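First, one chain by itself: the form predicted alone, in structure tokens.
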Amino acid sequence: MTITSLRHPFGIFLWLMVALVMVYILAPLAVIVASSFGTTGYVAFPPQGFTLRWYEQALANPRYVNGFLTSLRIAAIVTVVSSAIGIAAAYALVRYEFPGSRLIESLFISPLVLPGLVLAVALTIFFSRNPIATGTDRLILAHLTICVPCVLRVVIPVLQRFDRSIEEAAQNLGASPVKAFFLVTLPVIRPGIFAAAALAFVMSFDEVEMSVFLASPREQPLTVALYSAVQLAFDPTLAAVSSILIMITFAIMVVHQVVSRIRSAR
């Protein structure tokens, strides 16, 4: 009988703690989803009645639809650019030892240490004095300051665990360093790259502080639209929008798990 078995007292305690943590994390999400189906004109739990009216209003509201499309476009661009920059920087920091490499790595990661509000205010002052970009482009540059460090934090450990002898064997067989990277290194570290890209996408899509300070009034991300609506009244339409995002995330997770199991079964 192992220590994590349900027959062991400590195992029962561990599983009980896991269940409590899961309830603590998922309970607020369940409340939001359940409240979005209520018939009352305000968010109530447990919900009274059942209706899809709030989902119809959310999908018919151009502010939410345009905000979702804007957030999706910004997050997609930020994901691609931050992944390219982060992978190149991580490769250089891991493969080439030079004086000050650790200091440069710390500088790359430093935006993650700063509070989001402080970083948003600093970037607002910077862009107001240096108008190098406007509108959505300014917000994309701002999101890169936190998404590139996220990619670095994921890719650097992956590259450090990579067996360089495989890459050297490819070069001994005639492959150039660039060709060996794309044909050998990149396929091996691909799961880590996908994880880094997914993290960057989520960070950009869910960013609130920078979006509130730097977003253009003509193209507001979904987070800004939701934040502005909450200031007026927290009606069930907001719960419906939040529920749609939760359902999309859940669906993506299910598809990812199914695809992973199919690949592992082959």
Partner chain sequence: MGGALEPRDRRGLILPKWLPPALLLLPAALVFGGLFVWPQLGLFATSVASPPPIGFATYQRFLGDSFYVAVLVRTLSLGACVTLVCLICGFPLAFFLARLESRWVPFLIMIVSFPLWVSAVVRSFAWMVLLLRNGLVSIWLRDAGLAPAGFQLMYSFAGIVIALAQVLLPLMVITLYAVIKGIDRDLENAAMNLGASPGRAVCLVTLRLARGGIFAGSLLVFSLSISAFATPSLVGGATAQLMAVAIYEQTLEINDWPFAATISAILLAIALSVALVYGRLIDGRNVPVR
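Numbering follows the first chain given and starts at 1. Here the structure is a predicted model, which is why all the values come from computation and not from measurement.
Although it is not shown, the form predicted together with its partner chain is what the next lines describe.
Contact annotation for the candidate site: L119, A198 and E209 all lie close to its partner chain in the predicted bound form (heavy atom within 4.5 Å). Put simply, A75 is far from its partner chain in the predicted bound form: not one heavy atom of it is within 4.5 Å. Mapping the unseen interface onto this chain, S176 counts among the residues with a heavy atom inside 4.5 Å of its partner chain in the predicted bound form. None of the heavy atoms of F68 is located within 4.5 Å of its partner chain in the predicted bound form. Although the partner is absent from this view, F213 contacts its partner chain in the predicted bound form, with a non-hydrogen atom inside 4.5 angstroms.
Taking its partner chain as positioned in the predicted bound form, the residues of 78-104 that bring a heavy atom within 4.5 Å of it are, in sequence order, I85, A88, A89, Y91, A92, L93, R95, Y96, F98, R102.
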